[in-house]
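To begin, one chain is listed below as structure tokens, in the form predicted on its own.
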Amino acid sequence: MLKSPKVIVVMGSDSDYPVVEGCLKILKEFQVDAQVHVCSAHRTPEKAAEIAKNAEKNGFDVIIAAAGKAAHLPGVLAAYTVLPVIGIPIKSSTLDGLDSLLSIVQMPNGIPVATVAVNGSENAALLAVQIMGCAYPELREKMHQYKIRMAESVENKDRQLQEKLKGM
């Protein structure tokens, strides 16, 4: 039986879901199985450790972790696994997400966490797809097609703008 690509998405709070929703949409578009959990690095550290320790055994290829403010969740998960971890800094009301971004991006040597833009959940999903494309050629081909569609969309918008400007 062939293994299908799987990602586990962990949010520090259920209030992160509106941001994470974009990530899940992209994963679904690429037909990547995703499991989603709420888990706090500070309030449920044992659960965070358990999720990370068991992710590989449970067939996951990549972990995506969204967290705001102190945003330690991606780093805590990365400490317990050899799987790639992608951090999504969540924009907070305090420092506009800069606190989250710095918390995720400033990892010590030996515990890498890939980090996308503040609230950049779609890019987290796309990065996961690109990483998994190394093992799943069908994902790499889907990514090629995705980039072609993006380019065509931009070209179409340019044509529309040029037509609009001709009429001015």
Ligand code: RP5
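Throughout, we count residues from 1 along the sequence that is shown. Just so it is clear, the model here is predicted, and its values are computed rather than measured.
Keep in mind the form predicted together with this ligand is missing from the figure; the text below concerns it.
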Is there a heavy atom of I90 lying 4.5 Å or less from a heavy atom of this ligand in the model of the complex? yes
With the partner left out of view, is R43 within 4.5 angstroms of this ligand in the model of the complex by any non-hydrogen atom? yes
Report whether the minimum heavy atom distance between A124 and this ligand in the model of the complex is within 4.5 Å. no
Is A67 a contact residue for this ligand in the model of the complex, using a 4.5 Å heavy atom cut-off? yes
Contacting member of Q145, S153, Q160, S15, with respect to this ligand in the model of the complex [4.5 Å, heavy atom]: S15
Picking from 59-67, 22-30, 112-120, 127-135, which part of the chain touches this ligand in the model of the complex when contact means heavy atoms within 4.5 Å? 59-67
What residues, if any, in 120-148 have a non-hydrogen atom within 4.5 angstroms of this ligand in the model of the complex? none
